[in-house]
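So this one's two forms of a single chain, laid out as structure tokens and tagged structure 1 and structure 2.
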Structure 1
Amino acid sequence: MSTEPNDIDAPLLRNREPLRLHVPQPKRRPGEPPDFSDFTPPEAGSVPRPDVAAPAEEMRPLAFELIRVLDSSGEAVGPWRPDLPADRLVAGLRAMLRTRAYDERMFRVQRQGKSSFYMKCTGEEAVAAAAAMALDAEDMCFPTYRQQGLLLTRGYPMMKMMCQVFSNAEDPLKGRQMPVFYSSKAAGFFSISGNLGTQFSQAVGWAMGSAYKGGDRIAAAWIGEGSTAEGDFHYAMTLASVYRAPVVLTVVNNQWAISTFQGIANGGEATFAARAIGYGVPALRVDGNDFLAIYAATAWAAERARSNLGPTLIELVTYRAEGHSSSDDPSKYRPAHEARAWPLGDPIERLKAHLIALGAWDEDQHLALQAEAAEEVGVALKAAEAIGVLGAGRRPSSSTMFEDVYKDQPWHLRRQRQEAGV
């Protein structure tokens, strides 16, 4: 053993300056003008489209780019341009218009006191509409509360969705869930949880199940950028990469998680897509207000999954144009009119401009489609309201409250039901 003493004159590894706790701050707050000067979207068509079987290392740059197809003049350009016929494009536009019309109306009826709560996806309609069209109707979706467009696009009856929002006698969920927490096995739409993030890792398990059984259905999951801070995001990435699960994992980066800007979720030094790199999972960062780009990215990721090449992480860069929910007031934490300044525009306007540029659409047709969507919503609403709204009309029977806790009702629930007199 050496008897050499430690060199007591060596400098201590102390900091020269006091440490400081860093707390990220958004650039702008209420009362200030919106400022997106640090976000300059690249030209549409500028990002290469690799083969789905390309090694993940080669795809790394895609996690920092922004895949865009629709340019500012409404042209669809570049390698990611999906060759969709005009009628499919109109179907996409229709899906988004129906979603917006549904949201607007349901938000208003919430304000009239007919439901306890509502959440819109205004400005983010392309997220669900494009994915629903790019995926197979049989693929299993694990959404958040902001992908109501999946149900609408997959043809789930609007009226049933309204009955859920009203918790009335025809609510398929028997009044048990808060409004917008839909569920439909038939529509491949997993039951929405109030607890953020949980669906992301469950989707991986579902996909592993499908792979285990040698099935042909893949899974798709969505998560808000705020919720990627939950462990579930990381469970999903870990399991999906280890088992090469056939799953399309999408982060909807709509810039805000209630009052916190995206920098609170990720420190602002990297993209959400870039998180996939550490897991060896290919990632695409995509213009989330560009219907065609989302369609193409989802189709690409789905093809990877279907070819046993494993998971893909997609980050959709979009903007939550309205409040978090009917309980929220965004003017308290972000600049007024920030939505209008959002550099990626509005998904409906952009697809509309594209169809017009193609010569396949005009203003009159657009107005007619809008009117048709509003009419459909009006008719469904009348029927749903006739059954009941929160606090009036027909409700599910109260005895159902004690059902489905277990498959068979145990003695204590039978007793409690009797005690409740229902």
Structure 2
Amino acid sequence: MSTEPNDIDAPLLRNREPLRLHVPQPKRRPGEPPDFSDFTPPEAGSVPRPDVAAPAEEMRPLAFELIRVLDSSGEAVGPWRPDLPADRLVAGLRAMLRTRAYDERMFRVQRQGKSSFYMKCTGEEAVAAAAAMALDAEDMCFPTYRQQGLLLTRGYPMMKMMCQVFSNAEDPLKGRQMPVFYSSKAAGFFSISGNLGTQFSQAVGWAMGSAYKGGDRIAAAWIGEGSTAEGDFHYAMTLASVYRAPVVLTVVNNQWAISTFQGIANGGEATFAARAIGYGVPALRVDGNDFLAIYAATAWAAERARSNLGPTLIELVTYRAEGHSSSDDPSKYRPAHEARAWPLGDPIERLKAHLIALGAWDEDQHLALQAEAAEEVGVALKAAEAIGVLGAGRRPSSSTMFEDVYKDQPWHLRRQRQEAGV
């Protein structure tokens, strides 16, 4: 008889300690002082700029670096410096100031009970303004609810945006969308979706369609860092990679997904840009409060797309200075005044400092531009409020419920409309 131990009778090996899950925790809680000691931005100009045709595997380090152009003194340095003329820089500053003035006024309007909901992009104005200027005006944008600056930079009428927030009779969407869920085909601004990950999938599909038809328009999309944990992100990355879709995919890492800090979406083990590596897609990690860096990275990615070299994933590292929305109280989940301690500063102040360093700007000009933006918002708001606000004024006609669904209205809807007398 064999004297070898019987595997069936052998004692089971046990773990030396109980198994447990890793649940990422934010480093800072309400009541504690802000602390960004774990985030040390690299020197501006220190990250190399590869050729747009470089293979993705050669660009892997860029997913872990941080592309920066503006240094602490306001100088533009390094290989990513776009060398924009002063008038273009002033146009970018104006776009950001108009966006901030619009946000501040519309948030107060919501607090006055004239609209049900509002979402600000304070501290993230460069995300949309710089990208809008780097893209072609004909390119199709698939934004989230914090890229209102795309419309404002592209010259979309401010009053129309306000009417959409109020859902009044002049609302271009006829009361069919949530406030701030703008949409304009003419402005190349795809309808905003509350399920943000879908914007990536739809942008990739639109870009594939453009390429299939032999067109010359590319697509660009934005989602928050939390949405990278959704299936839509991965579906989009697979299709974009396989078919080399002409699309620029931007993850806006503003540190917070509603009330959940960014570590819940990535475990704090890697950057969001690094998620592109497994798909063979080039990735750029960029200072999201540096107007010039965002412009340069977006223009670089757009050139790749137009050259049939495929997609690029960009992670913009920024900070959501305000609450998630008008329904949110960030003091419940993060330290008070944490935004003031954010190491990458304020995008408007940084571009302003750059213009002053160039000798093309001064404090008096800046104050005048701020006043001009505030006056423009005030005039537009007065006109929009005269049409109607929440609970008062003119609403979209009930007849519009029969429109914009079918190209050719079917007989039963025509009959229903006749019966309704509208």
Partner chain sequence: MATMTMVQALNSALDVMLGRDPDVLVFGEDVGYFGGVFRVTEGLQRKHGLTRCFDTPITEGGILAAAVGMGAYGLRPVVEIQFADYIYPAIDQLISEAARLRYRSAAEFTAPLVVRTPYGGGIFGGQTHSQSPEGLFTHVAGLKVVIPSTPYDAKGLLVAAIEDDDPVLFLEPKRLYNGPFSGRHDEPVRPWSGHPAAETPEDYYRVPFGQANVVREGSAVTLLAYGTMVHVALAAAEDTGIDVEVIDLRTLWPVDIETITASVCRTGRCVIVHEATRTSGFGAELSALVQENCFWSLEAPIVRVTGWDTPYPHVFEWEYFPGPKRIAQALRDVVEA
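Here, rigid core means the biggest group of C-alpha atoms that superpose within 1.5 Å across both forms. Here, a residue number simply tells you its place in the sequence of structure 1, counted from 1. Keep in mind that what you see is a predicted model, and the values were worked out from it rather than measured.
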Working through the pair one at a time, identify the form predicted in complex with the partner chain and give its number.
1
Establish whether a shift of 2 Å or more occurs at the C-alpha of residue 410 between structures 1 and 2, with the two forms superposed on the rigid core.
yes
Cα of residue 401, core superposed, displaced between structures 1 and 2 by (Å) 3.1
